[in-house]
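Shown below, as structure tokens, is a lone chain in the form predicted alone; questions about how it binds or moves come after it.
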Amino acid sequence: MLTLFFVDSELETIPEEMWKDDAVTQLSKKRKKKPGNLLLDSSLLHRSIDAYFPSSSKRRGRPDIFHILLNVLNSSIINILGELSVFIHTRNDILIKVNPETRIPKSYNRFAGLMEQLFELGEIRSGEDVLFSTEKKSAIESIKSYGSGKVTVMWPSGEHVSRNNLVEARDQTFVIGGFTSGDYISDLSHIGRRVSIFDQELTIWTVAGEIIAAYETYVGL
């Protein structure tokens, strides 16, 4: 089993500090939802994020990258074969567990609505099946609870390894930063080895895709 953890992911609802912001108020009225039940989306609220969180405005509010990521992972061969387990840990220490059989909406707006529902209700069901569920857990607690095998942390400044040497066992856990720039917020200094596969920052779906390709090669697919 290949287990992927996306840690400190920039997937969250609008923080309380922003609720009275003019742009947030307008969006709330348009969507007919309370600000705290709306996803923080930098494509809609970049100026507001920059005003309230200037030190982290370049990375916060990126649900779009998880829409792309989950569609990529969902359609991978190892996911179809039941060999992939995916967890999304957010900057607010909310752990999202993804059912591998969940069909990810191709429409971003539908995906965003689904994530808003998930944060509000704590789980998304289809009949008896739980598609997504959440629990309050730190990154380390999450990895210790649901990780499988040896843990490897993807880090741009980590030990450089080739893709051929990335996967070392059939049961292995990889930690990937769930953000577009910067470093982990969580302290991961005492867990796993730190490795890099390229000398520049890559998108999270590119990193995940390289790991999946390496895993499929390792297991002979």
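Start at 1 and count along the sequence shown; that's the residue number. Computed from a prediction, not measured in an experiment: that's the story for all the values here.
Note that the form predicted in complex with a further copy of the same chain isn't included here; everything after this is about it.
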Taking the partner as it appears in the predicted bound form, which of 148-156, 167-175, 182-190, 64-72 has residues with heavy atoms within 4.5 Å of a further copy of the same chain? 64-72
Answer yes if any heavy atom of A213 is within 4.5 Å of a heavy atom of a further copy of the same chain in the predicted bound form; otherwise answer no. yes
Contact of T134 with a further copy of the same chain in the predicted bound form (heavy atom, 4.5 Å): no
Taking a further copy of the same chain as it sits in the predicted bound form, is W19 in contact with it (heavy atom to heavy atom, 4.5 Å or less)? no
Taking the shortest heavy atom distance, is R163 within 4.5 Å of a further copy of the same chain in the predicted bound form? yes
Listed residue that, although a further copy of the same chain is not shown, lies within 4.5 Å of it in the predicted bound form (heavy atoms), from I80, L114, V130, I140: I80
Taking a further copy of the same chain in the predicted bound form, which residues along 29-46 bring a heavy atom to within 4.5 Å of it? S43
